[in-house]
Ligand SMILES: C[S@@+](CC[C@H](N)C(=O)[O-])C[C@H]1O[C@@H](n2cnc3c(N)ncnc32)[C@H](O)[C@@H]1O
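Before any questions on how it binds or moves, here is one chain, the form predicted on its own, in structure tokens.
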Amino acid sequence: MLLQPAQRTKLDESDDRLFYDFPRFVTHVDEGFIQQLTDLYQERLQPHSRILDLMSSWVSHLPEEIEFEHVEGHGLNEEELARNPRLNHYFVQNLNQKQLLPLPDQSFAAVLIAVSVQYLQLPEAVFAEIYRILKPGGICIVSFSNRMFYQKAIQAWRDSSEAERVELVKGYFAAIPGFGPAEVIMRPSQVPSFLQMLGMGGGDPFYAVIGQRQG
């Protein structure tokens, strides 16, 4: 088992739908992180392909100059998703209660999870679904920084260092037969973490773990 039951727990165990009921039209990372993420999408996503933006919000950080065949959105706040101009369609679903996605097998070229993976309590089941809906050769890009809603992040994430969180996400991919070895991009902040928490310069660290469906 990848995670022990205690590692899946949250400080706030109330229904996630209640926590996300009020829309938050803000970005949860700084402009430097957002630019790095958009640049990564520019490099790795194929024009005129089908994209799933999993655990999305009112903005997807996709490159403006790339046209996609279809961008499907998923999240917990319908008002935020309705505001997102890049989504062709979206659905609301609590992945900690229901992991099966209402999407066909092998129907997407890429799945994106931006600054949200820390909230998954059953990541193995969710990543199995990601594998199911990816086309052969399709990719999943999981990006994160050091920020989080602390009370809603799982214990395994809260108690880990940034490097350990990278290994945790690599483990999510490795738990699903059929994903190749995950690629990692690590750009930690050069500023001590306690100064980052005080907002004293340095910019958000940028991490991305990329898995590809084999075959």
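In this text, residue numbers run from 1 along the sequence as written. All of these numbers come straight from a predicted model, not from anything done at the bench.
Only in words, not in the display: the form predicted together with the ligand, which the text now covers.
Practice task
Could you check which residue among V71, A109, I141, L95 gets a heavy atom within 4.5 Å of the ligand in the predicted bound form?
Solution key: That would be L95.
Problem - Sole residue of L101, V115, L134, L87 within 4.5 Å of the ligand in the predicted bound form, by heavy atom - result: Looking at L101, V115, L134, L87 one by one, just V115 meets the 4.5 Å heavy-atom criterion.
Problem - Residue stretch of 55-63, 157-165, 42-50, 178-186 approaching the ligand in the predicted bound form, non-hydrogen atom distance within 4.5 Å - result: Contact criterion met by 55-63 only.
Exercise for the section: Check whether D204 has any heavy atom within 4.5 Å of a heavy atom of the ligand in the predicted bound form, and answer yes or no. Expected result: Output for D204 is no: heavy atoms all beyond 4.5 Å of the ligand.
Exercise for the section: Enumerate the residues of 71-85 that have a non-hydrogen atom within 4.5 Å of the ligand in the predicted bound form, in sequence order, or give none. Expected result: Result: H74, G75, L76, E80.
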